[in-house]
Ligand SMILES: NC(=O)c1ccc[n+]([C@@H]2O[C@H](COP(=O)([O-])OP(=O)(O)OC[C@H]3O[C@@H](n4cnc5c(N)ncnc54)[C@H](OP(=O)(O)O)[C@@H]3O)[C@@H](O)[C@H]2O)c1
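Encoded as structure tokens, the following chain is the form predicted alone, with no partner shown.
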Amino acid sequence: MQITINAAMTVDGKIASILGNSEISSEEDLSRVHELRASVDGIVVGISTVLVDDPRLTVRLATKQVRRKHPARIIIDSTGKIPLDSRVLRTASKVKTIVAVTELAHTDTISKIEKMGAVVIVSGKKIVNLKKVLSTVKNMGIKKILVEGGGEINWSFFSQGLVNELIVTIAPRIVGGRQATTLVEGEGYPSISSGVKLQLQKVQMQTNGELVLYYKLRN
């Protein structure tokens, strides 16, 4: 399975402001992201992204040359908090949508999500077991995945050794804020030397000063 994390951050490493605003990418970068989405089988986000941004997670901005059917949307949602009126659930009958929950999710909640047209995967007691979810979706034919999560989801994938590639857009902005979300949150590694090692593959300059950095993970 090929797993790529894609994110946009400010020069000071924030992927959202102190108030949760995450509108960092330019229109040019959004088009790049949608074309990247068009190349994968599934997109993974956490429930926080759905609650804050209410994204469509489609490829509507991709050029006609690369556009194809929308990839599956995979939502990591431990307790089943996803709103029934969210964009992803409202379109679940048209675009394959998978909600991964734990045993904490109530059966009535699961039933309501399924009635919207989504597939529900129950994995884990209190925290979604990502490896089991990925194994399940792989059996559904979803083998190339793009992760567009927040700092916690990114940490979960990195810390479990599930990432093959990182693509990060650096916007020419500084927002600061001790409570502002950074690219990777979670518990963190105890030392710099024990952190995830990356190898830069490519640098792309965009017209408004954004830099897109392409990394492969080193063993």
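It should be emphasised that the depicted structure is a prediction, and the values quoted were computed from it without experimental measurement. Counting begins at 1, following the sequence as shown.
Keep in mind that the form predicted in complex with this ligand is not shown, yet the notes after this line are about it.
- Contact with this ligand in the predicted bound form, defined as a heavy atom within 4.5 Å, holds for exactly one of 86, 136, 109, 78, namely 78.
- With the partner omitted from this view, the residue of 52, 175, 36, 171 that lies near this ligand in the predicted bound form is 52 [heavy atom within 4.5 Å].
- The stretch from 122-130, 88-96, 136-144, 109-117 that comes within 4.5 Å of this ligand in the predicted bound form, counting heavy atoms only, is 122-130.
- This ligand in the predicted bound form is not approached by residue 59, whose heavy atoms all lie more than 4.5 angstroms from it.
- Looking at residue 150, you'd find a heavy atom of it within 4.5 angstroms of this ligand in the predicted bound form.
- Of the heavy atoms in residue 198, none are within 4.5 Å of this ligand in the predicted bound form.
- Although the partner is absent from this view, residue 20 contacts this ligand in the predicted bound form, with a non-hydrogen atom inside 4.5 angstroms.
- Residues 46, 47, 48, 49 of 37-51 are found to place at least one heavy atom within 4.5 Å of this ligand in the predicted bound form.
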